[in-house]
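In the block that follows, a single chain appears as structure tokens, in the form predicted alone.
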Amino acid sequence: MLESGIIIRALMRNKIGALLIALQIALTMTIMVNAIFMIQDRQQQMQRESGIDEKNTFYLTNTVFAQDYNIQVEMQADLNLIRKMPGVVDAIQINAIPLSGGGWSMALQHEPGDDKDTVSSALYMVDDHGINTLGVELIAGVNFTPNDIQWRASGQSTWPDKTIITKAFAKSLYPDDWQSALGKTFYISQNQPMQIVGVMKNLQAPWNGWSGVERSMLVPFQMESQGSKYLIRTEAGRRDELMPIIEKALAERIKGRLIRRVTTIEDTRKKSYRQHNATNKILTTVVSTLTLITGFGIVGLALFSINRRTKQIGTRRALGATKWQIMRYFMVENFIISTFGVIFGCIGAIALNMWLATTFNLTPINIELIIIGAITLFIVGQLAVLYPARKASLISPATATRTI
């Protein structure tokens, strides 16, 4: 059996090549582990539930340009028309769309005053049909009633006295007992009281990269605005069928406004996470390329070493070394080089992750990912050296008698 000490001494006599491969493995390990960590983090973000019935929900923009257009009357007529259509579950006017990238945010505080701690939240203005249209789950409290709904004029600074918030928002307000938030009065805009009458399971904010993306609140408002959005939820499987029908019906009902930008929530999600997908593809390409380069580097080093030691290998064959013993020599040699590379790679991966976690507010890497990265590189190293090792094992014993 070959001794590791003999192999290490041989490597020390030709240490430059081995050192370069070990450093290449270390660099690949450092980048691979953290790249996969970032890919997993983005994948988890992309898989978060928005809280709404995405597959059966779409929205459109109602833009008014007529001077004699009664916004309150016509908007309510629009909603009544949509709600009565066969296949429609419900519809509302809303100020922002989850995951769309644009919306409102406000903050609640336990006590009035301009020097109090606040917790920010995305804000959605809806009527008493909001819960049903969004498809969110009310896990505590009650929905708004028709009497709670108010009209909000452009530039208005006052707020209704009721709100429905997400469980995540309730946890931010009461970390030890989120249920205790129900029924409590908080303050919006520093000094306006607002009672929490309901808690939703979840409803995401419009901004997927925001740390408080799960914190959202509903307020009982309908907006007197020249430009507003209608959110429509349909029966399962009927969304695509009803989208052009509803658009046409609204366009034909009354002139003096434009109906446009008919968009599904699924398309909005894809657009919202387009950058995440692109980044993941780039990181995957980088990891794959580095791994291939490392593998080719190992092949190159092994072939170079074999070419330099052809006569030595022939001598060993002439002295009775088997093909397997020759192959094993180079595979053990590669394993030793990979071990040093993986050790330094682990150190580099942890150091880089600590910097990433601090700089970008990411969670620390888990040990399982480092172990998987190490095993992967050991396997890559052994597969890469397999061809050169087999080539070495085929060197004829007669090579030892040749003069160079």
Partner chain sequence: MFSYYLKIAWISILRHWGLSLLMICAIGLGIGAAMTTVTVNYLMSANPIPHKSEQLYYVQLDSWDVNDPFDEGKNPPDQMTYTDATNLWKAKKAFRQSVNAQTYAVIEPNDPDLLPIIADGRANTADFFAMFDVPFIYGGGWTEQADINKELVVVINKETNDKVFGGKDSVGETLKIDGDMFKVVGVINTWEPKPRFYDVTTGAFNKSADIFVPFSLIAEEKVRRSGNTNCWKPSGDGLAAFLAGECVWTQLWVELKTEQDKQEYLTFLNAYVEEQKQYGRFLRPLDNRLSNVMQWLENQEVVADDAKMMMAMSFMFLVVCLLNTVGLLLAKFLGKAPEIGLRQALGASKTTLFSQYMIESACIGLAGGILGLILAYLGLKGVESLYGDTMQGLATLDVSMTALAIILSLVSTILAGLYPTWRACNIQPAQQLKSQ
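Positions refer to the first chain, counted from 1. Because the structure is a prediction, the values reported are computed rather than measured. The term rigid core refers to the maximal set of C-alpha atoms that superpose within 1.5 Å between the two forms.
This protein has a second form, the form predicted in complex with the partner chain, left out of what is shown; the following refers to that one.
Within 4.5 Å of any heavy atom of the partner chain in the predicted complex lies no heavy atom of A236. Contact annotation: L394 falls outside 4.5 Å of the partner chain in the predicted complex, judged by heavy atom distances. The closest non-hydrogen atom of Q67 lies within 4.5 Å of the partner chain in the predicted complex. The closest heavy atom approach of L290 to the partner chain in the predicted complex falls within 4.5 Å. For the options G300, G87, G183, P193, the one in contact with the partner chain in the predicted complex, meaning a heavy atom within 4.5 Å, is G300. Checking N132, T279, Q76, T263 for any heavy atom within 4.5 Å of the partner chain in the predicted complex turns up a single hit: T279.
Look at 290-298, 208-216, 135-143, 163-171: in the predicted complex, residues with non-hydrogen atoms within 4.5 angstroms of the partner chain sit in 290-298. Contacts with the partner chain in the predicted complex, taken as any heavy atom within 4.5 Å, map within 140-159 to G155, Q156, S157, T158. Superposed on the core, the two forms barely differ at T376: its CA moves less than 2 Å between this form and the one not shown.
Shown in the overlay between this form and the one not shown, fitted on the rigid core, is a CA shift at L60 smaller than 2 Å.
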